[in-house]
Ligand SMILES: Cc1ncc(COP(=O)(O)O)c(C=O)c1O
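Here's a solo chain for you in structure tokens, the form predicted on its own.
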């Protein structure tokens, strides 16, 4: 007997079953879905990271629902833009941050509007809180754009918030400044909170000139704004679980005490990572530059490989770690990914995994060291 908030079935899909079979049989494959930076051959300052985690401060337990003052000061100093340490609440991850914000803003049966395409996360994070995550498809022209008509049509009497990801995963799309201004007005007019996920904001590859670099640039928005980020992407350290929520504007800051009450029921952030936060954030830019070097090199390798395949193109990668390939829509997306895996030994995501429309998309990670070889083999399947 399980809760109705859980999936009705936990069985693997066809692609996951095929991957499991490859592993059982010891058959090698090139994984172009890997987004784990610790497994992609990126250099880390190991001694400094380990030294930070070996600080005597890790032996003390002095719980604070909002997270330790020193760690919040480090987060505020890292971001700048006038962020006050008292306006940040630490979490163990961005996923936990979403869960706490859904608890803060919603009653069971309420809904939040979430982006589509996007990473397949919001549905279940919402469901586990008794909240419906209602996807709102973006408009596709030269780039992905917010569809304010669709947003307005999706708002119902129990809508409590809008979620945006800047830049989006996997489209890599940053919000434009015009979209941001319109989004603030949209939420203010309807009494909605705005949740802005900026975990990939520091990974800028092919930006448009009017991009919104960060929602923290808005010191006094007309609606409650909560900005989410964490070490997983900022410092490429997903194993050191530290995320945060930054409140922007008087309306959001007024909700910090009830948010701290929720945090106090969990006290999930470990003492070691809080003690190490200042050092890890100081090291983050150099770690990130190693990733950016890899991302740029693999994007160049992708373009070189695509030159020999004019029937396949890629979407512009404004930011983030993913690339979207546009392919002939001759077969269902999952069948296409299965065929590529079986014939070339290369694993990619079908577009529908990210709610991309139609069957003419594949999504690959730009992180793997084996990307140049893998993309040549993948394109050989067409």
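A quick note: this is a predicted structure, and the numbers were derived from the prediction, not measured. Residue numbers count along the first chain shown, from 1.
The form predicted in complex with this ligand exists for this protein as well; it is not shown, and the discussion that follows is about that form.
Between this ligand and the residues 176, 232, 214, 279, the one pair within 4.5 Å by heavy atoms in the model of the complex involves 232. Checking 186, 119, 78, 203 for any heavy atom within 4.5 Å of this ligand in the model of the complex turns up a single hit: 119. With this ligand omitted here, the record of contacts in the model of the complex names 165-173 of 260-268, 165-173, 127-135, 307-315, defined by a heavy atom within 4.5 Å. Using a 4.5 angstroms threshold between heavy atoms, residue 159 stays clear of this ligand in the model of the complex. Within this chain, residue 151 is remote from the site of this ligand in the model of the complex, having no heavy atom within 4.5 Å. In the model of the complex, no heavy atom of residue 284 sits within 4.5 Å of this ligand. The closest heavy atom approach of residue 251 to this ligand in the model of the complex falls outside 4.5 Å. Contacts between stretch 1-39 and this ligand, counted in the model of the complex as any heavy atom lying within 4.5 Å, involve no residue at all.
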